[in-house]
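This document contains two forms of one protein chain, each encoded as structure tokens and listed individually as structure 1 and structure 2.
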Structure 1
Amino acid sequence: MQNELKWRGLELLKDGAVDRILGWRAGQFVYDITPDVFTDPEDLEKNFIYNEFCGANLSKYLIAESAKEGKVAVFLKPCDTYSFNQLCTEHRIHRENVYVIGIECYGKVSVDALRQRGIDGITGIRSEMGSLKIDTIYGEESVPAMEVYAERCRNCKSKKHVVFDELIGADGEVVDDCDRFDMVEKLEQMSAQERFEFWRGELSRCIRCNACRNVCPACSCEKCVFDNPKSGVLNKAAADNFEENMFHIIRAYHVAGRCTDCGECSRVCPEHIPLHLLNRKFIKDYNELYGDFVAGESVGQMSPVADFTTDRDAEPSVVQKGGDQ
């Protein structure tokens, strides 16, 4: 697929149809790929890459890219298109400056998953019929690709592009029978104490590097309150571990109804904290309380909690009476 993407990118650049291409730049190894903008066809030809490690969701970069002059083409995987729509709904992307190329996706591999299996010293990776052949300085390894996909890909929620100007590869369907809520259900079935301990355990590893927040397409505030000394809640250091944990709960509330479950937070967390479970709990609750709602499914849709209606709201009396009465 890489060649198709590259060829199309070159064509768009050379025709002058777009001024820039937002894609992925090859690195030192097969997996250390950096999101980047290409303006020079020669550079694109030489350094553009598309493979099973192009997990990064490029949508958030369009906040800055689409605000610039000229047109930018972007490659979006199905799950990335939800983030794109959501950002358009929030008026963060100038849609008219973006040309969306939807690309087919079979799932992306997590290097961490390879390392967890003790695979290290990686020098090359090839896909062969559903399995990955990994060259390392210690010899060759082979693993079923499905087993080392990122969590969000193992539980892919949709192969459908909710927005595109053109497609490379086929469009798929929403995956109705995906298992993404299984773990949430397990957590729901725990006692409050067990659940508390589960989260205390997971969140206690946090080093507060802010990678989860900074990569998140729903976290697009210019300046986070927790970074702002004037906000009164500056949180450069937490007083204790519990306060630290609360950061994540607060963040999950803040993105509820806007989080598309793109899975970037969990992908980038150096401590492998399953942040997506917090978001999925909200998604599941929304679905149960307000009827199915998918953030980013279309542009302009309102999240149920931002759009009160007496017939749908879980506690209509609040809407009828108003706040403090």
Structure 2
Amino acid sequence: MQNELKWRGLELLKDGAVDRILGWRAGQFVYDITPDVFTDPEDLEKNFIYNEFCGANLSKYLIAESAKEGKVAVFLKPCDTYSFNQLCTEHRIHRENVYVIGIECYGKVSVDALRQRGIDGITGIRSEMGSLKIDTIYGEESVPAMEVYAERCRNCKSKKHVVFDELIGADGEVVDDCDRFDMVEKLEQMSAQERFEFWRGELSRCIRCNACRNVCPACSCEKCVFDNPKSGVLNKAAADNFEENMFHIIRAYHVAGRCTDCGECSRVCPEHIPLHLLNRKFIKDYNELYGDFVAGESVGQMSPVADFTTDRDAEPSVVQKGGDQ
């Protein structure tokens, strides 16, 4: 599919239909992929890449790109389109300046998962009938694709695009039987002390690099409270256990009802903290309290906590104005 995407991007640039292409740039290594903007056809032809390592969600980069003059084309995988719609709902993307090219996706590979299997020195990768053929400096390796896909891909919620102007490849379906809440349920079954110890063990590794915040499409404030020197919580190394917990819990509450479960926070965490589990807990609670709700499923859709009605209140015993229950 890489060549098909590249040639379509070249057509759009050369025809003047768009001024730039938001895609993935090849790095020093085959798995070293960087989201980037291409304005020169020659640069696109030489350095654009799309392979099993292109897991980055490009929707957040459109906040800045869509605010510029001219039109930008972007390649969005099915899960990315939910983030795109959510950002449009929040008026963070100038929709008229974006040409969305939906691309099919059936999973992206975790480099860490490959390394855990002892596969290193990777020079190439290709899919072949449910398996991955991986070229290394030591020879070829073959592994079942599902065993080395990123967690979010193993538990993919949807292979269907919720928005596109053009589609390359086939569109899939919403995955009704995914197991993405299994670990959340396992945590819920723990005692309060066991859950506390689990999260202390995970969050104690946090180095406050802010990678999770910076990559998250739902974290799009122009000025983050953790960057404000007058807030008392300016970004810094945590002084104690409370501060280690506070950053991630506050961030999880901030994106509640807006998180599309794209998994970017866990993907970029250098300490491999399963941050997506905090967000999934809120998603699961939303579904149980208010009925099924999918952030980003459509533009303009309001989160249940932002669209209050007495008949859907999670606490019906709370007395409203006028005495109504």
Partner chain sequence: MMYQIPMESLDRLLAAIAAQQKLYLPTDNTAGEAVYTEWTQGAALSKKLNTLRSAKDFFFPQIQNMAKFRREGKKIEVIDDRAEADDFCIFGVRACDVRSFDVLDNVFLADPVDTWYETRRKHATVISLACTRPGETCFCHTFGIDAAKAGGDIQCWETKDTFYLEPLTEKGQALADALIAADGELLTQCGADQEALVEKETERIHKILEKLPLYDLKAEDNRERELELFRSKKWKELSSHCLGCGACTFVCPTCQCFDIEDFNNGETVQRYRCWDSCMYHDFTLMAAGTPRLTQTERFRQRFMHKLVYYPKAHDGLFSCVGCGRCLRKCPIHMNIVKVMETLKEEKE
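Rigid core: the largest C-alpha set superposing within 1.5 Å between the two forms. Structure 1's sequence is the ruler for residue numbers, which start at 1. Remember, predicted model here, so these are calculated numbers, not experimental data.
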Q.
Just to confirm, one of these is the form predicted alone and one is not; which one is it?
A. 2
Q. Does superposing the core leave residue 142 with a CA shift of 2 Å or more between structure 1 and structure 2?
A. yes
**Q.** Rigid core superposition, residue 200 Cα moves 2 angstroms or more between structure 1 and structure 2
**A.** no
Q | Core fit, then residue 122 C-alpha moves 2 Å or more between structure 1 and structure 2 | A | yes
